[in-house]
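Shown below, as structure tokens, is a lone chain in the form predicted on its own; questions about how it binds or moves come after it.
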Amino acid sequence: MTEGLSISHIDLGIVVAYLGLMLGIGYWVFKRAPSFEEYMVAGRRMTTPILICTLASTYYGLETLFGTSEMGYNDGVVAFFGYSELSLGIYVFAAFALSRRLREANFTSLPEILERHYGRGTGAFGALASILYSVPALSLFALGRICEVVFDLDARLGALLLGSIALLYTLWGGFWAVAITDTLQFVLMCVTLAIGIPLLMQEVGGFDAVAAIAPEGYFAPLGGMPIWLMLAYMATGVSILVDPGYYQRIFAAGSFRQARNAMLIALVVWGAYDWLVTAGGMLASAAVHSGALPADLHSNDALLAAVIYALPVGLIGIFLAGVLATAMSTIDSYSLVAGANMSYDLYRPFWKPDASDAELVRLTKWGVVLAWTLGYAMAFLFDRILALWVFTATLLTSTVLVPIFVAIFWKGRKTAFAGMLSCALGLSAVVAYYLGIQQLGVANEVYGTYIWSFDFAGMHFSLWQEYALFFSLPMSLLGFLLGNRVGTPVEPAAREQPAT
């Protein structure tokens, strides 16, 4: 067992009971034998309360629990004021600007929007970007960290064992299983942090103890973080505007009002959650300084270790179940999205447009397995979860944001080549930028990134790995503008209404 952490048999029993319950829900839904529309978008019958729970638990998974708390641990309150809260403004825009247009269009997936407006080629680019974004690498990485820190189990083995449970109930029940389990996970996620952070505060002596050991700028709203790095972190919030999981929930809602209202209510939950994990990361720094936790504790693990240190027996098990819940709610949702991208957005348009419901469900399940496997393979390529999150968000945004928004909001000239070139240049620019910075730059252990520093025209410049979006998104826009001058304008194909 990792030094400083002690997990009782009672707590382990609570965790095992939670995992068993998740499997039971998945099997119960599996017996309903859903059609493809039931499997993917819950028959478009999601109500506001369930949408709130599945939105809140899916978007605030372990990348937030670990990533935001890591920033709070290293940099202080800037994790909340300079990063998280400014990103929430983008979510408000998404609630009002997207929910009605997307729900009334009656699509099934994000790539389908591109396919209908630009053709199958652009739809395929969108499906590829959606798959790479949706493979559950972030949550599997975090599950591995949990197993290593808490259970003294190899990270890769732990991610394999615990991640397989989320995979299994998703395969059984589809989106209904995802939504029902997310509802339970939402409750656990909120309750455990609401209990754990105040107890941690009491244990370490509150923020006075943090202030006594904090570096300069730790309590400044914008901190001492480089301004361009903070803007890069904020820019990842733009990904919500093309997040395939968010789109799936809009498509599953009974009406656009339900989707919009659920998003706005979830914003309140997200704001509270952001503050709790930021505060938890800051309090963890005091616990490390006091010697309550190991001095060499990785910043990714600080919040997890500190809350377990502060909680009594019984509550630790509930907290760990809540932590696992945040991971599984993301694994299940995005594995399902990626699986459907493979079956509905790649197989159907290119190989079998008249594929039956049963065939699409079967192929989606195979796609879920493949997406989970790809996520597992990617999970341990990055040392820090925040770096992995920035990469996936940048890749998705740079590839599809421009053509999606043009398709939704602009009724002017659009050519098939414009959509293709926009996606291709955006995707290529991200890959080229990351490869270039890693070759030319130097690893920075403080921020877990690569930085290329150089002099030009008498001035000194530093390009961080996280700045990719500042270059790749303009390239995507340039690709659209250039491509739109070539070829014949296209009209969006009529959307076939689902069978009743």
Partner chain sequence: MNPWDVFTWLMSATLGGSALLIFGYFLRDLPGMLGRDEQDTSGGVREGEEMTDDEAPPR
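Only the largest set of C-alpha atoms that superpose within 1.5 Å between the two forms is called the rigid core. If you're wondering where the values come from, they're calculated on a predicted model, not measured in any experiment. Residue numbers count along the first chain shown, from 1.
What comes next is about the form predicted together with its partner chain, which is not displayed.
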statement: The listed residue (Gly217, Gly206, Gly314, Gly89) that reaches within 4.5 Å of its partner chain in the model of the complex by any heavy atom is Gly206
- prompt: Using a 4.5 Å cut on heavy atoms, which of Ala407, Leu171, Ala424, Ile180 is close to its partner chain in the model of the complex?
  reply: Ile180
message: Is it the case that Trp228, even though its partner is missing from this view, gets within 4.5 Å of its partner chain in the model of the complex, heavy atoms only?
response: no
message: So in the model of the complex, is its partner chain close enough to Ile437 to count as touching (4.5 Å, heavy atoms)?
response: no
- request: Could you confirm whether Asp296 comes within 4.5 Å of its partner chain in the model of the complex, counting heavy atoms only?
  value: no
message: Check Tyr344 for me: does it contact its partner chain in the model of the complex (non-hydrogen atoms, 4.5 angstroms)?
response: yes
- request: Establish, in the model of the complex, whether Val77, Gly254 and Trp275 all lie within 4.5 Å of its partner chain, using non-hydrogen atoms for the distance.
  value: yes
- prompt: Heavy atoms within 4.5 Å of its partner chain in the model of the complex: which of the stretches 104-112, 388-396, 144-152, 326-334 has them?
  reply: 104-112
message: Using a 4.5 Å heavy atom cutoff, which residues in 338-363 contact its partner chain in the model of the complex? It's fine if the answer is none.
response: Tyr344, Asp357, Leu360
- prompt: Relative to the superposed rigid core, does the CA atom of Tyr218 travel 2 Å or more between the shown form and the other one?
  reply: yes
message: Superposing on the rigid core, is the Cα displacement of Gln202 between the shown form and the other one 2 Å or more?
response: yes
